[in-house]
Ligand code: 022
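A single chain comes next, written as structure tokens; it is the form predicted alone.
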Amino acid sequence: MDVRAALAVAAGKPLEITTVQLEGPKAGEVMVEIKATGICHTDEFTLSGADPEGLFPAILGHEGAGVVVEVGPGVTSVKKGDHVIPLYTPECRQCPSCLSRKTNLCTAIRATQGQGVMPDGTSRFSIAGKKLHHYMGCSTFANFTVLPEIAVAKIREDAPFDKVCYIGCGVTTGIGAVVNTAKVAPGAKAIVFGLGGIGLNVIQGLRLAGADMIIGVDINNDKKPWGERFGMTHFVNAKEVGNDLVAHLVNMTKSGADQIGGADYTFDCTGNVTVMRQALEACHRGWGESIIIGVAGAGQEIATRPFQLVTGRVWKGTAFGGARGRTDVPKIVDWYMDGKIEIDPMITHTMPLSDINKGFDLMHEGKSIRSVVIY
């Protein structure tokens, strides 16, 4: 069937709005009509050419929401008409990783997903008879897409597509890093580096967890009111502090009985390896944990003095906020619908597919928290 899509033809080039062909679902697969999709920094990371796993030509997009329109043989967990969110981190519930209960990184389709194809090694997308790559197993920059059954989360039908699509990546990644990965305790002191969409969701996750001190760090003073809106208690402009940023943050976290200082938890939401080091070193000696959420460019490495780790600080990474997609995403949708978390203010721009490149421009200019394409 013909579908409309934003096609990434090559690294560094604008997306081309065109008609592509989509095959129907095979065994264990579902076809979803995408109703809305967010424009995420990860999409930009791949489109820029910085992603070492980036493949072209491809249909990008991984933060969507829509309706199941067709299911392939053997599909039992969803049916036609179900509302779903595509999952770039699937949950098969059968692989060693899923069964371990120690990680959300399901390995059932990881190899083929990384190759830009479906589990059987083929693509459902093509143009003029030539194969197109899937992206992160989702490809939500098309108004219809095909996914493995294990890569869709069934959600309640009263949830608005243009808001809950954000749960497909940004919301879950930020809040999950707090709740699942760090397991932040009430009363904690925390520092969040980078107050974009992910950082703001980390902040509201910290508020949800009951953190007492939530310091937001950014280089843009315009982010201060945004952070405060979601629960930030203190703001620091890293440019204004300069080379003394870590010392400044450590001093901020000192209290009467504790003159060592440092945060119980820090979160890097920038993808900048220098900031990752600062986040670790702003942790409290003996027990501080630093969570890396941002993705760095190809070939970049993190570094610190071993002393920082020997004295009890912990460096952790997190993907999709440690969430098990089919299990946890419906719960986060419920949190939103029940008013426990906010999404609406972060959807700063909406647009049709024809304007998707404007959404990337807004991101580059720092004018949007999240732009959403509505089909």
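Being a predicted model, the structure only gives us computed values, none of them experimental. One-based numbering along the sequence shown.
Just so it is clear, the following notes concern the form predicted in complex with this ligand, a form of the same protein that is not shown.
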Subject >> Residue among 181, 123, 204, 89 with a heavy atom within 4.5 Å of this ligand in the predicted bound form >> reply: 89
**OP:** Go through 31, 346, 40, 341 and name the one with a heavy atom inside 4.5 Å of this ligand in the predicted bound form.
**Re:** 40
Original post:
Taking 4.5 angstroms as the cut-off for heavy atoms, does residue 110 touch this ligand in the predicted bound form?
Top reply: yes
Subject >> 4.5 angstroms heavy atom contact with this ligand in the predicted bound form for residue 319 >> reply: yes
Original post:
Can residue 62 be called a contact residue for this ligand in the predicted bound form at 4.5 Å between heavy atoms?
Top reply: yes
Original post:
Does the 4.5 Å heavy atom contact test between residue 295 and this ligand in the predicted bound form come out positive?
Top reply: yes
Original post:
Judged by heavy atoms and a 4.5 Å cut-off, are 105, 136 and 169 together in contact with this ligand in the predicted bound form?
Top reply: yes
Subject >> Options 110 to 118, 71 to 79, 247 to 255, 142 to 150; stretch whose heavy atom lies within 4.5 Å of this ligand in the predicted bound form >> reply: 110 to 118
